[in-house]
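Okay, so here's just one chain, in structure tokens, the form predicted on its own.
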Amino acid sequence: MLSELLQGTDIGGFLLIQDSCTYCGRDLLKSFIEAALNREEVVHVLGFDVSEEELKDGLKSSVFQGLHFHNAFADPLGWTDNSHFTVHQFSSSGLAELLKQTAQSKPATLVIDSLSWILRHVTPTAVCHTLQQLKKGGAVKTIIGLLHEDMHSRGIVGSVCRLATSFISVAPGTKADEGLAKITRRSKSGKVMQDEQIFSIRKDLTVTVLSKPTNFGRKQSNTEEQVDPTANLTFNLRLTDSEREAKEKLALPFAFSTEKKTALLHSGPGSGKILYEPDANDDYDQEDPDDDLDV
């Protein structure tokens, strides 16, 4: 599934890469950038975490023509008059104005490095609203964002993840040069697909999918000894063969057999009848009580 995502997402898609201090997801983010440039797409990068030189390190110089880096690393809060892009410009209208400055004939791929920096200075509601507006298409074809999980609360991380159409959580693998990708992909029909893959990234940013993890972060095998919940009870919950046989032979008081039901429901010879004769003192009116009604 990781290879399919590298080949390109649908229009209006939002791909989120979630990393932590144990494994950095920037190399995987740069792999997605190079894959988009190799497809001759126009890529706009909002650089908050690293400089332009560090981001371009490892990318092929032949694809730089389609890459547009918006420097928010030097002055992200706009403290000087030389700010290229600030965190306060992160809105649907501000980004639309930014993309208009570059002549392009087709929708662009927007890369946010990283969403964590923006979420530290802009309310999560405003960030989610902007991402939702960008997902509708228009000037942006695809959004690719990097999110540092350990910098935010679970609620903020969950809100951003629910907006993503494709979600990749990266963690260290069993070897030093390997990583584990936990992928969740939502189709337009609402179907959710999940997968786990071990991958490695070369110096030229080529991603190689090695295999699926074996018993990595999964439940213990079925061969493990199962715990008997009735082992240490002070009373017995099990029946012996003789007790089970006696239980099956026991006739329940309200469980009627077919013969007993027939005998109760059908009157036989010698059955009695109830006859009622009104007494003289009984208040019995022979007239029709509804005689005065015109019916």
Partner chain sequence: MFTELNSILNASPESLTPGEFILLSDRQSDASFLIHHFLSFYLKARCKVCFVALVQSFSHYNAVSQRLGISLTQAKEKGQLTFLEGLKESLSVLIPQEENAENQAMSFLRDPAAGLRSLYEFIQSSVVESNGSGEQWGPPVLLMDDVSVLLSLGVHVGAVLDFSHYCRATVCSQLQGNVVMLVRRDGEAEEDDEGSEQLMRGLTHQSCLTLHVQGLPTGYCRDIHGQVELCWKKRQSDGQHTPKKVFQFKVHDKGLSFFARGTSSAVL
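Note that the structure is predicted; figures quoted are calculated from it, not measured. Positions refer to the first chain, counted from 1.
There is also a form predicted together with the partner chain; it is not shown, and the following applies to it.
Within 4.5 Å of some heavy atom of the partner chain in the model of the complex lies at least one heavy atom of Pro76. Not displayed here, the partner chain is kept clear of Phe32 by more than 4.5 Å at the level of heavy atoms in the model of the complex. Residue contact check for Asp150: one or more of its heavy atoms lie within 4.5 Å of the partner chain in the model of the complex.
The closest non-hydrogen atom of Asp27 lies within 4.5 Å of the partner chain in the model of the complex. With the partner omitted here, the residue from Lys100, Lys106, Arg120, Lys188 that has a non-hydrogen atom within 4.5 angstroms of the partner chain in the model of the complex is Arg120.
Checked against the partner chain in the model of the complex, the residues Leu163, Ala171, Ile201, Ile183 give one hit for a heavy atom within 4.5 Å, which is Ile201. In short, of 242-250, 34-42, 226-234, 51-59 it is 51-59 that has heavy atoms within 4.5 Å of the partner chain in the model of the complex. Using a 4.5 angstroms heavy atom cutoff to the partner chain in the model of the complex, all of Ser20, Thr80 and Ala176 count as contacting.
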